[in-house]
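Here you'll find one protein chain in two forms, each presented separately as structure tokens under the names structure 1 and structure 2.
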Structure 1
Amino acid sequence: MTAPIPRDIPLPLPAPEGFLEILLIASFLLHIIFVHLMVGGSLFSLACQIKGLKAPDYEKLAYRIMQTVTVNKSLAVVMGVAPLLIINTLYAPQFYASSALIGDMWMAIIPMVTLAFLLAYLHKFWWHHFINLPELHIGIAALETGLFLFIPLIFMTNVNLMLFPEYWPEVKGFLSAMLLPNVLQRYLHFLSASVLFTALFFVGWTGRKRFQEEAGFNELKIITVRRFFYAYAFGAAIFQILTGLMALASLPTQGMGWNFILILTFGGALALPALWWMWRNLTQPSHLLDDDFKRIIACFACAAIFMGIARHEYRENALADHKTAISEKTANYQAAVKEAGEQARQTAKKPEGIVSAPGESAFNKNCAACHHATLPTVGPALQEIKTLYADNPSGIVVWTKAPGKKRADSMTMPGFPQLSDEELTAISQYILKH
């Protein structure tokens, strides 16, 4: 494996790993539904507001839609805490590394979310204050919607990057991470899902008996509104199938497996009967079939569950070798630390008059925690160093005085300015004779 291999945190998990994985899938699905409704609601509110410039009833519809956006964005944030904590628990080395690689943009999420929320509240609560300033009001809605669209792209870029450690050495910030294979395809798939689920939500929401009274339409009919949302749901479902195939084709092969393909195929197949029922309602001449709507919701809810399971299956497949390598490196490091501690204690207990080998004490104090005799830990094993610098102790001294990074799977070696040339020479001779 050529990918960087960090050490794990040697702490026990707070619960069995399988249980945490189930919680991760369930909590993520709950979170992403409200993210879809937040993003899709902002898009629909903006679109209806623009349409309302010529048809005032759509302005009223936009206002009603906006009432749901602020509620759904709060639920999206609250429901996002659990999956974020669990993914940090199960995949700490990978998620920490990917977050650090896009650090500036990752930290920018906090002010962007704050600004998006403030704009959403301004858009909603000052709606009637902007009645004579439609361009300004639409501009605020567009900025709010743009932020709601961009923030999930940052999350998606990060989660995609953590899956492929082999790309970490190539990444130079957010833009290069965003342009890695699969990110934009997955983002288009996410957008189509946002439109699909939000449109279906509004088909049901506008079908409530009280909606006509709440909306106060002058000319617009409820069946027209519901067909409007059905049409977007139907188009988004078609687009989601296409973007899903694009995302599948662009996925790196290391995460593929028959379980993943079968789960994904079964989940995707559930969309087909839902498409038929949506088409049937779009072509009904006088009324909509509420039983069909319940079937459509059931199909897409089951499809979302299967997609969530498939997503986790791919993540586990993609990171299996990397997680194994991290476990081995962590075990080697802990063994080296334990051995270095034992050596230090033995050296301290030596009776007076028994002199340690030249450089042994300095090596145990400064080097042993990272360089084991036979095991690669933070740095290479002593056996490898002896091969590289055979009969060349000065080479070790030169490197230690101005260290760097030679391996993609290891960290940069720190400097040791506190050690004199005589101590470094003694250490290098000890390493080559050990």
Structure 2
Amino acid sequence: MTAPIPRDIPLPLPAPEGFLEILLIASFLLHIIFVHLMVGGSLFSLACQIKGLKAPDYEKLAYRIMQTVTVNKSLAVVMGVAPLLIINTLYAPQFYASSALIGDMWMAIIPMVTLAFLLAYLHKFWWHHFINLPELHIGIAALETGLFLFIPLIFMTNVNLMLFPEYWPEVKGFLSAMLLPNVLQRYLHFLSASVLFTALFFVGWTGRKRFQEEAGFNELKIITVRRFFYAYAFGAAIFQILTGLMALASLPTQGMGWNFILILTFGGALALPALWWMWRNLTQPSHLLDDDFKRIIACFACAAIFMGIARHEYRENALADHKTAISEKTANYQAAVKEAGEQARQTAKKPEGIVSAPGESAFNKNCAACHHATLPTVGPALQEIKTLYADNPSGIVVWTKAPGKKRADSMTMPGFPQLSDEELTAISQYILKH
């Protein structure tokens, strides 16, 4: 399997590469956190709403959750612009190629996200209009959640595809790119992270003093709600480790390296103490949910940062050779361009001896596109014009300034009022002499 080697954009990077890489990792982490909260929040809201059919307090909880989703989704989009910009800058040859290869699905992201956002507003702003239509309301929530779940899969497919130029020639459309090794595993890993981070976020959020009063539950106790989220966070964390191992096992070897494995292991290891604390808080009556909460958050946050760095390391490893080849090719191409430019300038200078007929260049520039010497093309052939205007060059001048419409089966000729009489006379003489 060989990779195509395109050329890079032949303009310098706007900042040192390492600096842009740091910016990329940081802004991507910021983006992905809000994406997690958006996807996870939407999932939880849907689940609580369904639960709310039997236990009405959960419907109230679903409404509160939805209020965070509409904020987080806007932040997810704006935060996404920076990493998009930097990826465009650092990985132009790879990223544009992979985007084009799944182009229709990639473009469909825009209307799909718009629709999902509009549905989210419909779902939230008109919440109380749906009191008597819970099925419809849940249907809207399900559609919105479905979109939120599907869209990341497209992103995942693209960022995976851009890493492996060797696979590009085999890809025919989105589906085949999605089925490349590792995409689905990584996607599952992403989903469990969404549930984990959102559940943790809600454990904190429902722990605020004001929440009791905001939510206005009839029977449901806050502690029950918090345990509900806590249990999900714990389950998702276990799932997260498993899917992470799956993703690692299915990772193509192109980007493997000790640096990558080391960072990854370090990040993964950080989840272990957090898991232990969570387990203790859930199972031992002597412990409260809020015990060590800050530490747990800190562990997962650090783990996320390490994963973000590891992800970037893998990308750099996988593309290292490709990038070198591209930069060599680009430099060579620029040299070839320069050489051909020189050569063209040389030949353009040469034919000094040959004096071109007056009117020839003006004819070539303005008329030749439509008037061929012998063939009737867009307009009549020069032969025909010659017979028509045999000893009447001024007739050509008059016509050309304001052409009429003669031949039924051809288009109208555009007028040339901007050409001077001298130019036109020269052209007409050139035509007649031709």
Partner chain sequence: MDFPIFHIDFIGNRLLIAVDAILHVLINHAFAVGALPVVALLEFLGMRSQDPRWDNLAYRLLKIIFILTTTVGALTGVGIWFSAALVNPAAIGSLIRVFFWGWFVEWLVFVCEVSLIMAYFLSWQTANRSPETKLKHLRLGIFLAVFSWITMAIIVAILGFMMDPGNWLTERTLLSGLFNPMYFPQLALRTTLAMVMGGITMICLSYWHTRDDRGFRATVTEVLSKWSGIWMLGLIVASVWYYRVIPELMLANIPVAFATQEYAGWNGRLKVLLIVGLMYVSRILWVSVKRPGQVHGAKYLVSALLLFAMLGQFERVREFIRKPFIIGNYMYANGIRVEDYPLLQRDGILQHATYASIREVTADNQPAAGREVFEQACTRCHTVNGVNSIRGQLKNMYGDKPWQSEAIAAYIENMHGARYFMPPFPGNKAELNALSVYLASLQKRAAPFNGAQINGIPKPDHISTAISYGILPNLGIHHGEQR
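When a residue number appears, read it as a position in the sequence of structure 1, where counting begins at 1. Rigid core here is just the name for the largest C-alpha set that superposes within 1.5 Å across the two forms. Note that the structure is a prediction, hence the values are computed from the model and not measured.
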Selected structure - the one that is the form predicted on its own: 1
Rigid core superposition, residue 394 Cα moves 2 angstroms or more between structure 1 and structure 2: yes
Residue 67 C-alpha moves between structure 1 and structure 2 by 2 Å or more, core aligned: no
C-alpha of residue 135 off by 2 Å or more between structure 1 and structure 2 on rigid core: no
Value in Å for the CA shift of residue 429 between structure 1 and structure 2, taken after the core is superposed: 38.0
